[in-house]
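Take a look at this single chain, the form predicted on its own, given in structure tokens.
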């Protein structure tokens, strides 16, 4: 994985390394690449059921979904991974109808153990199934109400590290267990994450995280929106994970001041035919990161085939689709640079566990460093909590 910056780099502040080092002793996601995963792997080997169903929302589901949807089209894992992450009755019903209950293992995931959406779905299913140790696993904080429920049913329980927040938890048991259960090589995920960690802490930020974070913080008002332009359909769910990570971590009050960097996830080349117009000729208030795959691992080629009246487009003949999509990305990059839009490019080598592990840890680290430079708390979400409190009040009154 390589990151190229095409905007003026702000001179790195030496102090930031000490700030990050200090934070890494207290915040759990930093150390996840070195964790012991033997309990996860040993449990996964005992499960024969062909469908794994995550009951969870936000940080409890988005990370695993991002990794699975990136890898599964290539690896075609022998087990399915499904997500019950909504209270939309139609979507919920359609997903549940697609599950053979007798051949499914459900994972109830909630850090607090009281997430309204998760518990509502759990209640609905338990009334139909009456979960037991063969059908349900609980992943939650130690001593949470959900853990107590799990103990009452003698369920298998995995605890989330106390100092790992939900949106930073994909490389913890929250993401690793469901991924391991369907066949993802989670050791390679952590290997990729460890490489990014070492590049930052040992090899002096080889991926330009600090200059990029400093740019974002210095120009937060001028470039208030950050676009992730991902050139593969494989990144669609990764974009959703990025949006939560970036928005919930960086949209905060700093005293009486409101700060934030609005995340926008796009998929190329589709959004070249829509949102790109706004970037090109709308307000110059956006920075853009392009995400590319160098080797798709498939050589699908446009044949040497002419169509009547379309002969001018024979320039496409003989080109691989993988070459075409990256030329589309490069052309858009060049167009944006010509009008002065701040651009950087992330290139990952191939579609595999190591590369997606790198990408996840890269963005977690970039988010944390940007928050340090913005002088905000990256790991709380008081705005989200207020909405939860109001919902519980409305439910109690109705």
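No experiment lies behind these values; they were computed from the predicted model shown. Positions refer to the first chain, counted from 1.
What follows is about the form predicted together with another copy of the chain, which we do not show.
When another copy of the chain is considered in the predicted bound form, only one residue from 81, 234, 291, 288 comes within 4.5 Å through any heavy atom, namely 234.
Residue 262 is the only one of 163, 191, 262, 135 with a heavy atom lying within 4.5 Å of another copy of the chain in the predicted bound form.
Here the chain stands by itself, but in the predicted bound form one stretch of 191 to 199, 106 to 114, 210 to 218, 174 to 182, 106 to 114, has heavy atoms within 4.5 Å of another copy of the chain. Within 4.5 Å of another copy of the chain in the predicted bound form, a heavy atom is found for every one of 88, 324 and 391.
Under a 4.5 angstroms non-hydrogen atom cutoff, another copy of the chain in the predicted bound form has residue 274 among its neighbouring residues.
The shortest heavy atom separation between residue 334 and another copy of the chain in the predicted bound form is within 4.5 Å. Residue 101 falls outside the set of residues with a heavy atom inside 4.5 Å of another copy of the chain in the predicted bound form. In the predicted bound form, at least one heavy atom of residue 58 sits within 4.5 Å of a heavy atom of another copy of the chain.
In the predicted bound form, 113, 114, 115, 116, 117, 119, 120, 121, 122, 123, 124, 126, 127 are the residues of 107 to 130 with at least one heavy atom within 4.5 Å of another copy of the chain, listed from first to last.
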